[in-house]
Ligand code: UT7
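Have a look below at one chain only, the form predicted alone, in C-alpha cells format.
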Amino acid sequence: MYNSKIIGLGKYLPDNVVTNDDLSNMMDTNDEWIQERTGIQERRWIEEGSEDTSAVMGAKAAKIAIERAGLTKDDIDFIVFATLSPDYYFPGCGVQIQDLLDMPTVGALDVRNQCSGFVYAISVADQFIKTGMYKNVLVIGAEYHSNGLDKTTRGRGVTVIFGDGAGACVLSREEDTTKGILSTHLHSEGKYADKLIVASPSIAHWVPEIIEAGEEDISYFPYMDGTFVFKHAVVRFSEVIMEGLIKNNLKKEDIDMLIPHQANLRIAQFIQKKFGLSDEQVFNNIMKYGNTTAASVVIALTEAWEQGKIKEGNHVVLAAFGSGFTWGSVIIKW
C-alpha cells in the first residue's frame, strides 16, 4: 500500500475583474448587500471573445501544477477533471485536457459533484494511487459559470456569488504512509437535490421545449434555496471535518490549515468559530474570486501554499459541501 502526496499545485483565473459595483449596474443590488450576505467583494468572469473555457482554464492550471511537480506531461498516468460547467454536454473535459496538453493516451475521468467536486476527485485519484494502479494523477477543478447566470435582478441571489477559474494538482505515490493524504470522507443526501439545481436542459426537458416555452421557462438558470443550503452546510461541514480528525486520532487543535470550499464567507467563519481556529489556521479567498465551485478548494489550496502558509509536516484539512447534496473532507499530512 502507498499513500498519495500532492507534489505540484497550479491555478488560473481570468483577467477580467467584476466588482460588486459592476453588478449594481446590471441588477438591483449593491456592494453592502452582497458583502453582508456572502463576504464577496469581486469575482473573475471570462470576457466575451476570450479563448477560455472550463477545459482551457483547466489546462492552463494543469501546466503550472505539472511544472511545479518537476514532471512532464508524459509522466502523468491518469486525469480526473471536476466541473459542473463542462464545455460540452458530452464528452467531458477530461479528454480535452489529454488533447490540449498533448498527452499520451492516458485515461480521463470526469467528476460531476459540483461544489464537492475537487474533494471527490482527489479521493478518486488517491485510491488509484493507494492501490498501486497509477503513480502520478492529474486532478483538476475548473468552472465557467458566468456565461450561464441570470444577470438580472431576478437572478441576483445566485449570480452575485459565482466566479470563473481553475486549479490543478498532481498527486504522486508516497511510500511513507504517515505522509500525504491520510484519509478522505464522502457523503451525499439526494433528497435535497432540488434545493440547489440547474434543472434544464436535461433529457426529460430538452432544448426545443425550453425555446418553445419562451421567457416563462427559466429552468436553465441555477436555482438555490440559500437559507436551506446554509443551514445544512454548517452542520455537514462540522460533521465531516470531525469524521476525518477522529479517523486519524487528531483533535481540533491539530489542524494547522483548514481550507473550506469557498461557498460563502459566513459559512467559513461559522466553522472557524466552532472549531476555535485562528485567522492563520483558515484560508479564505472568496472575497476576491467568489464561489468557483469545483475549482474553489484547489485554487485556495494553491494560494495558501504559494503564500507560505502551508509547511512540511502541517495537518491540512480540505472540506466542501454543495449541490446534491454532497459533502466531504480530506485529511493531509503535508
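For clarity, every value in this text was computed on a predicted model and none was experimentally measured. In case it trips you up, residue 1 is the first one in the sequence shown, and so on.
We do not show the form predicted in complex with this ligand, though everything after this point is about it.
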4.5 Å heavy atom contact, N285 and this ligand in the predicted bound form:
no
Given that the partner is absent here, does G226 sit within 4.5 Å of this ligand in the predicted bound form, heavy atoms only?
yes
Give a yes or no for R156: in the predicted bound form, does one of its heavy atoms lie within 4.5 Å of a heavy atom belonging to this ligand?
yes
In the predicted bound form, is there a heavy atom of this ligand that lies within 4.5 Å of any heavy atom of T302, even though the partner is absent here?
no
Kindly indicate whether F128, S183 and S329 are, all three, within 4.5 angstroms of this ligand in the predicted bound form, using heavy atoms.
no
Of the residues T29, T53, Q272, Q41, which one places a heavy atom within 4.5 Å of this ligand in the predicted bound form?
T29
Contact with this ligand in the predicted bound form, heavy atom within 4.5 Å, among V111, I97, L196, V240 goes to L196
Taking the partner as it appears in the predicted bound form, which of 252-260, 132-140, 228-236, 89-97 has residues with heavy atoms within 4.5 Å of this ligand?
228-236
Who in 279-316 is close to this ligand in the predicted bound form, meaning a heavy atom within 4.5 Å?
N291
